[in-house]
Structure formats: structure tokens, C-alpha cells
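This document starts with one chain, in the form predicted alone, laid out as C-alpha cells.
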Amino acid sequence: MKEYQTITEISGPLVYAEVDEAIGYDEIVEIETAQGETLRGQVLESSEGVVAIQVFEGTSGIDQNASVRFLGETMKMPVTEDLLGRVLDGSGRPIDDGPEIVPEERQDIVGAAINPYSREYPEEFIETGVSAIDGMNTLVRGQKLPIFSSSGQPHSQLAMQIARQASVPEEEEDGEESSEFAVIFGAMGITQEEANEFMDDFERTGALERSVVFMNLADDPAVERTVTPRMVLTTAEYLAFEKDYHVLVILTDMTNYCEALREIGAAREEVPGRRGYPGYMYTDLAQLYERAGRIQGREGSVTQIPILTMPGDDDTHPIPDLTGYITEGQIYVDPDLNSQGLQPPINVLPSLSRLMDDGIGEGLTREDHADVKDQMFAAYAEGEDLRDLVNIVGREALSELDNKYLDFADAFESEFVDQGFDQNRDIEETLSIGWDLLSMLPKDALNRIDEEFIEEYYREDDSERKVIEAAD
């Protein structure tokens, strides 16, 4: 193995070195400093005579006397079923004081694109235990459904709740042997305090036993942050397509990942795109998000919930904008609902799950699910519109039915959306609460629900009940 002492330039997380042989793109590099420390890197750009290397641990301690070795292979993730229950750093090394990982194989972290012909359409329900998601914006196996939040919102608590509660209910009910469920949690650029909260919750609830946790902290190098989601997804693909697990991947925070791309792009002096982000960010995000899915003939699946904080709560910002193009919907965490104390503060009106209709209904959730969802959307939207009108004319000027829509909107937020971060509701309980709320409206207002469902589920004794105010 050739060793070079030809470093010509150090720029941020990048090291430039002269070479006299062809070096492959993405090739793994070892850099030995004058102090004897060995750092790992990856070839980011290779041209005749010069290569650019991004160093995972940062360039501190590297000078022109450092030695560079090219290992002749791309970065690989050591994978095994024994990774479940383990905590790793952002580049896949154990940090939980557990035993060394003995891999069954080592897989390239870039992954292989799923052939569109081999993709199986996502249509099985994943129960998160969160009514605003399960009832109104259902997650299905193989889907990529991001959570759009903003700084200061409790998206971390929502992520922990989903990781703790998510399950595949119809497989649990079958007596036959079924695929197991696993959660791969990838944290990028989070603080030590957030990391401690995540780990305390995983250990307290026992969720760690079925999870693999990757932790890249805010003070870890930005370069490592670009590797973390690929490590996560390589592990997920192994468990899903070789060990038949249904895998839920939670990635937080994708905004930190994109900031790392911008930092590296600036160090390379690339021509920036929108708001300084690289022009290839859409392609880069698509390479990650499109690794979700199902493959014909394989039992397992990979489902993604990427979480991103929108700078300035602006959903036209490049990160949420590009994410929305690639993924199949979005869940909005709303600052106004959060200020009212709702947990989780999910605003269902701008939220959307494009694959929901294929994952609900008879044999999946319940036969009345689609009708209940449509009617609650319509009634809540009507109540929201009337709130604006009340500010102008007052409640006394509204009709009796309009006042019931206002009461419905208040009750929907306080009883359906606001469930707390520790309550786990199954789909039957979620739909039951939905019918309790819809029974506040007269039957003839339920014009989106089939008559037979109204006869079976409508509660006559609830139609005149008083709504408990949110303050109570």
C-alpha cells in the first residue's frame, strides 16, 4: 500500500494531496498525523495528480508531514442482526461500552437503487399510536413521510414517541409467524442534552432492545454528518431485505445534514445554489429518501420518517421544499398549537399522507376509517374558517350549526390531537374518539360518511353534549 506525504492544502474539513496514480471516487483514506494519530477520510474529488479528501474526524492535527494511505475500497458498514440494542456514533463505531461488533458482512453505505419494476406498492398500515397521524395522515409500510417542524418545537419528543410505540398491528394479530419490527434511529447534529434525553427514553421504555441508534452530536465533524444517514439506511436495508424485518427509520435532523453539505460545498468553493446550498442537494436527498420501500419477493420493508426543522418556519426554504418534492406527504408540527399546550402539536390541515388511502380500510385498519377521516377534515376546516369569522361578528351572529362546528374544532384539538407524548392509542381508540367528536354534529351534517356507518357508530347521546373547554 502506497503512502504519500504530499499534502498541499488544508481547507476546512478538506485535505488536498498530490498523487501519481488513479484514485477512485469515494475511496477510503487513512491519514496518520505526526503525533501518530490515525484519522479516516473519503475521497471527495479525484483529478489527474490531485485528490480532495474529506476527513471524518476533522483536520485538526494534520499538517504537511502527515502520511496519506488509500485503501482501495469504498466505505462499508459492518452489519449483523446483533446490532439491535446497540448505540453507535455517526460513522458506525460502538459508543455504548458493549462488545466489539462481529459483522456477518460489510456492505457499501451508498446502497443500490431499488429497481422500479421490483418495487412493491406500499399499502400496509403502520400504527404509531399517535391519533393525528394514524387517524388523519396514516403511515404505510415502505413510505417516506417527513415531519416538518421549526426551532423550539417538540419534534424530538414526537420522534421518541413514534420510535417507542410504532408497530405493525395486523401482523401481530395473525397467528402465523410474521416479520419482526425494528427501529433505526439516526440523530445528526443534536446536542449532548438531546442525546441524553433520547437515550434515557430508549432505556427507560425498553425500546432500545428492538432499535439501533446512531448518534452524531453537534460538536462532531460535519463530514461525519454526511455519512450518518447512509450508515443508518444500509443497516435498515440489511435487516429488511436479508433478515425480513419491517424497519422504521427515523432521521433527525435533516436540516443539520443539509447544513453539513453546504459547509463542505463552501470549502470546495463550489458555485452555490438557492440560499447557498449546493445545486446537487436535490439529488443527494433523493439518494437517501428513495432507499425507502418494499421489494417483490422480500418480506421486509424500509419506512422513513425524516424530521427537519424549517428555518424561520418557512416551508418554501430549499430543505423542506426539495424534501416535499421527493417524499409522499408531510406532517406539520405547528408553533401555534404548541403555544396552546397541545401534545403533540400536529396541524392536520396542511399535513398529508399521499399513500394513506391504500393503507386503510377493511382488513387494514377499519372499514369506516376513510369516511371518518374525510368528515373530520371537513368539519375541522369549517370550524377553523368560522374562528376567523367569530373575531369579526361574534358567536351570537352564527347559526346553531356553525356554533357546533366551532365546538367541534375546539374538541378536536383538545381530545383528538392533544393526547400527550406518553399515551399510546391503537387505531380502534383513535376512531372511537373520532366518532365521539362527530356525534356532536347532527346526522344530516355528516355528508361524507356512508349511511350504514352512521347507523352503526353514531352516538345519539353525544349529539347534545357540552364540550369541555381546553382550559379545563
Partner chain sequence: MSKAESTETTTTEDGAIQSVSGPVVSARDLDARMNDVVYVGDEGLMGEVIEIEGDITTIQVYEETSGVSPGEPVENTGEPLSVDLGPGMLDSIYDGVQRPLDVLEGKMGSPYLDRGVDAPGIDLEQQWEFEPTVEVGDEVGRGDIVGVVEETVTIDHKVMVPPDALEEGETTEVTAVESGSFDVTETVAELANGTGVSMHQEWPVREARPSQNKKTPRTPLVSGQRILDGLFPIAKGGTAAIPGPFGSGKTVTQHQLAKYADADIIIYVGCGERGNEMTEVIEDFPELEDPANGNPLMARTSLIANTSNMPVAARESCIYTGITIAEFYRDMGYDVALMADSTSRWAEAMREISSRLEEMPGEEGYPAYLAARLAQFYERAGYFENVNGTEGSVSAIGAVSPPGGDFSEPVTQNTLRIVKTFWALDADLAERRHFPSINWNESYSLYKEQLDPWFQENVEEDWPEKRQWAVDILDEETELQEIVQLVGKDALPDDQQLILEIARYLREAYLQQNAFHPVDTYCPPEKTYLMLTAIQTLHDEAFDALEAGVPVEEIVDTEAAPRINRIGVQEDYEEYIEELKADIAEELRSLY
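Positions refer to the first chain, counted from 1. For the two forms, the rigid core is made up of the largest set of C-alpha atoms that agree within 1.5 Å on superposition. Computed from a predicted model, the values in this text were never measured in an experiment.
Below, we refer to the form predicted in complex with the partner chain, which is not included among the displayed structures.
Using a 4.5 Å cut-off to the partner chain in the predicted complex, not one of Tyr4, Thr80 and Thr252 places a heavy atom inside that distance. By the criterion of a heavy atom within 4.5 Å, Ile449 is counted among the residues contacting the partner chain in the predicted complex. The closest non-hydrogen atom of Pro94 lies beyond 4.5 Å of the partner chain in the predicted complex. Residue contact with the partner chain in the predicted complex: Lys144 places a heavy atom within 4.5 Å of it. Residue contact check for Asp134: none of its heavy atoms lie within 4.5 Å of the partner chain in the predicted complex. For the candidate set Leu355, Leu208, Ala159, Leu342, a heavy atom within 4.5 Å of the partner chain in the predicted complex is found for exactly one residue, namely Leu355.
Only one of Asn338, Ser150, Ser167, Ser351 lies close to the partner chain in the predicted complex, with a heavy atom inside 4.5 Å, and it is Ser351. Screening 186-194, 378-386, 214-222, 200-208 for residues having heavy atoms within 4.5 Å of the partner chain in the predicted complex returns a single hit, 378-386. Shown without its partner, the chain has Leu44, Glu45, Ser46, Ser47, Glu48 in segment 43-59 as residues with a non-hydrogen atom within 4.5 angstroms of the partner chain in the predicted complex. Shown in the overlay between the shown form and the other one, fitted on the rigid core, is a CA shift at Glu400 of 2 Å or greater.
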